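Only one chain is given next, in structure tokens, and it is the form predicted on its own.
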């Protein structure tokens, strides 16, 4: 299984071009579109979003993840192996959160290069072909050199900021819900919000926080948009209140 996670957006040719490469190079592998509206140009926010969704996919999955504002620069290209899953993409912090939280993790610097490598689309020309070869069963050592990394405990720490806003205006944060209790309130955009287990537990139009389906603290409004009501944006901070 190959899982795509990008900030490319759902419009335009970019996702289709990557999937065409994958279809040719690994036609037997299903390709799952996890996200193509990851935080644009923001590997830090995207790193926490990606880490929250990793456990939704089985061992052996290969993630092709591209949030890459430094494409074409001197930044390295990586394969990361973390708890029996592979991650292919830029060396800009995108994989550091999930690797720091993994029981086992190893980094590899990609040395393989295609015949044609554009300056601006490594997702298509480099990362997708490498992901396809890993999904076919090739070892990362055939494509990349081991890269030693020292992990600080802070690399896997939660991020008390909004990392994603969905189509309903729900605001996902980088805080894992297990760090809070049902009696805790959170403060965001000058508002103190109480916990609710489900949307239906509060009145229509009322904001609250709840543990979402991937275990993160999420800010929501019953039958409304938390982003609109509270004026929320990516990167906004929150705290216990």
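As the structure is a prediction and not an experimental result, all values here were calculated from the model. Residue numbers count along the first chain shown, from 1.
What comes next is about the form predicted together with a further copy of the same chain, which does not appear here.
Against a further copy of the same chain in the predicted bound form, the set 76, 154 and 239 makes no contact: no member has a heavy atom within 4.5 Å. In the predicted bound form, residue 105 stays away from a further copy of the same chain, with no heavy atom inside 4.5 Å. At least one heavy atom of residue 23 is located within 4.5 Å of a further copy of the same chain in the predicted bound form. When contacts are judged by a 4.5 Å heavy atom cut-off, residue 160 does not count as touching a further copy of the same chain in the predicted bound form. A residue is said to contact a partner when one of its heavy atoms sits within 4.5 Å of a partner heavy atom; residue 141 fails this definition for a further copy of the same chain in the predicted bound form, lying far away. In summary, among the residues 203, 179, 183, 213, the only one with a non-hydrogen atom within 4.5 Å of a further copy of the same chain in the predicted bound form is 213.
Residues 164, 165, 166, 167, 168, 172 are the members of 151-178 with a non-hydrogen atom no more than 4.5 angstroms from a further copy of the same chain in the predicted bound form.
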